[in-house]
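One chain comes next, on its own, written out as structure tokens in the form predicted alone.
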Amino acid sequence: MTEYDFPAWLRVSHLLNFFLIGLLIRSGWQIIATHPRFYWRNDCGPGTDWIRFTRRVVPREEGAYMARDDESSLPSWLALPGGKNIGLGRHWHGLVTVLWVANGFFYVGLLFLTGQWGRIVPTSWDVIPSAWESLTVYAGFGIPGIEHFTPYDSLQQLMYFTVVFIAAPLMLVTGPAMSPALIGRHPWYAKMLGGRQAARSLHFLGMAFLTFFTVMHIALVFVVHPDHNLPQMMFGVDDPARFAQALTVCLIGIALVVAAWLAISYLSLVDVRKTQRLLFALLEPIRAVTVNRMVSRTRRASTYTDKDISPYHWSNGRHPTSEESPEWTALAEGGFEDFAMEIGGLTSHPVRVTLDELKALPQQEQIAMHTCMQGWTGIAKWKGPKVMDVMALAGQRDPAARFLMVTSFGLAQKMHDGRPLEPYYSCIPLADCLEDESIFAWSMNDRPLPLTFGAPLRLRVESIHGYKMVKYIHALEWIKDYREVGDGMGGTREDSGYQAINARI
């Protein structure tokens, strides 16, 4: 029988995994808290969730209850970073995922390079009845004899194999399905998993399993032959005489990891802008070689048809009130017949365009999935002129203009520094404006755009998350650099919600 030791690389990778999986789970809880419902269907309608972590009831009338109304606040000792900070939570989740995957490849690679793979990969079907025997012993609050651990017993071996070769790959496969850029470019990917919401539910189940495994694994370390386990885990030797020393080192290590988890949460909130900038700088090079290369082709691929349109579509942000925007309110009362939009900035001749003039342009119709960074989705038919056709009405774009700033009649929900609310805006990179699926929609599901969904005009860019798709559009402006407007982060949700200007994942 092959003897398996506990080399330093094995012990170090386990410690790193413990540290990273804690950050992953806690940032995952932060994301879940913003829409604590899970579905198997893409429309996410009221009553279609198979599990939820909220007592709130969603009325069946669209627009009566906003997705932001569903968000919960979590304490920083539980979530990363805590509060209502999905922006920072998403940044942390993305960064830690990269580190966790790198550590996982390091561990699996060395397992096979050093011949240690046999410690967790069963080589005989005898492992099944043997694992069942171990399970019955544990169920009776017993402990299998030390002779069964070589270095693990059969039940442990099966669990480790499941974690490394089933649960972890499941997370790696389902996680990318949360990206609107990926599923827009490769719609088959989400369909392969049963749909975007099915992928999200599978991701949640994988997280739940990994959370359970982590808690049980750590608990059993101190219960199942700890005089042998702890010296092996801490020092790589099977020497019961070093148990007390190993126990001390183990407890100190766990305490330091937990302290690091908490410190990262609380330090993230000391200066949220600095945290946002740091995480964005670390993540953007990774996005540059992955999702930034994906261009949506939803309409051309005929991914969705009329029968896929969601009977209920979530929304975010209520329409402007008379106090917030008397101009929009007056336009709405007149059926938007007097609506006119300013198009200017770095362009040869700024113009003022009416809704009828927009409708006179070549129109594009597309059935697409709206993906919210909170987690919900909805499928609808959108109609309107392409972004670049509309911008061409204002003449030649200055080559220095690399972003389109879209400003809303509506106001921000909060400001970073607590100043009075300002109009909601978003800066769209030129590459996103050039995509075939980028339009200004005035129609939804063959009807004029409802008030809840942005009447009279809203932006649709199918390869990004919904927080960039401005509703109640007031003005369009070519600008040189998003850092020169607002708080310099790329939009209202980036300025005050700490999201990333890159909304492709």
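It should be emphasised that the depicted structure is a prediction, and the values quoted were computed from it without experimental measurement. In this text, residue numbers run from 1 along the sequence as written.
From this point on, the text means the form predicted in complex with a small molecule, which you will not see here.
In the predicted bound form, no heavy atom of residue 72 sits within 4.5 Å of the small molecule.
Looking at residue 403, you'd find every heavy atom of it more than 4.5 angstroms from the small molecule in the predicted bound form. None of the heavy atoms of residue 438 is located within 4.5 Å of the small molecule in the predicted bound form. For the chain shown alone, residue 442 is not a contact residue for the small molecule in the predicted bound form, no non-hydrogen atom being within 4.5 angstroms.
The stretch from 308 to 316, 240 to 248, 152 to 160, 136 to 144 that comes within 4.5 Å of the small molecule in the predicted bound form, counting heavy atoms only, is 308 to 316.
Put simply, of 372, 341, 193, 279 only one has a heavy atom within 4.5 Å of the small molecule in the predicted bound form, and it is 372. Exactly one listed residue, out of 292, 364, 413, 103, brings a non-hydrogen atom to within 4.5 Å of the small molecule in the predicted bound form: 413.
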